[in-house]
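The chain below stands alone, shown as structure tokens; this is the form predicted on its own.
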């Protein structure tokens, strides 16, 4: 894990939380589009918050720091989604996994493999893509999602 922004701390006041803040979903996707997978970590209880949030959902502390996350990890749970949201309907069934990154932060995402070929403990790597390159129709995006990339996990 690389702590590139370990001195960046969470907002101390609600007015500090803007759409550009790295502690919001738009800020998370801006960083992802720039090639950086960012998470927050609570300095009180060590919980990882991915995507980042301005306060810890485990203990409520606002003492959080940002750090860049590794792109590799291990499948800890997975399932098949036979009726996915409209934008993914033509890809059904899709395999979705909870991946524990090498930093111990967890992220849910689509796996580019069939359910039968995935197992708990499989090593995967996160890939960030433009939605159209992974065959997702941009017409299904909400207006504020148009610039957001998507992430998928590839088996290693």
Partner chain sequence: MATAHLIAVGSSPLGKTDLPGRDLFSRAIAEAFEGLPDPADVVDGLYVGAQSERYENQIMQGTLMAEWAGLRNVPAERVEACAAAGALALKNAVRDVRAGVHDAVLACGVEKMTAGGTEGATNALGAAFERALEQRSGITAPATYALLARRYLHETDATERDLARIAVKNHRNAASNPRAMFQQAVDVETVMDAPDVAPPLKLYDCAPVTDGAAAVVVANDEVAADLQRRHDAVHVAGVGSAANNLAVAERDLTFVEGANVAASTAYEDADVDAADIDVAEVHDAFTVCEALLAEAAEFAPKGRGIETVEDPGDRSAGWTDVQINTSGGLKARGHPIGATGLLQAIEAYEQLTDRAGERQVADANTALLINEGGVADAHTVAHVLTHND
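Positions refer to the first chain, counted from 1. The model shown is predicted, which means the values in this text are computed figures rather than measured ones.
In what follows, reference is made to the form predicted in complex with its partner chain, a form of this protein that is not presented.
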Q. Has each of 23, 26 and 36 got a heavy atom lying within 4.5 angstroms of its partner chain in the predicted bound form?
A. no
Q. Is there a heavy atom of residue 94 lying 4.5 Å or less from a heavy atom of its partner chain in the predicted bound form?
A. yes
Q.
When the contact criterion is heavy atoms within 4.5 Å, does residue 63 count as touching its partner chain in the predicted bound form?
A. no
Q: Look up in the predicted bound form whether residue 59 has a non-hydrogen atom within 4.5 angstroms of its partner chain, and give yes or no.
A: no
Q: Answer with yes or no whether residue 54 is in contact with its partner chain in the predicted bound form, where contact means some heavy atom within 4.5 Å.
A: no
Q: Could you list the residues in 101 to 135 that come within 4.5 Å of its partner chain in the predicted bound form, counting only heavy atoms and keeping sequence order?
A: 106, 107, 108, 109, 110, 115, 120
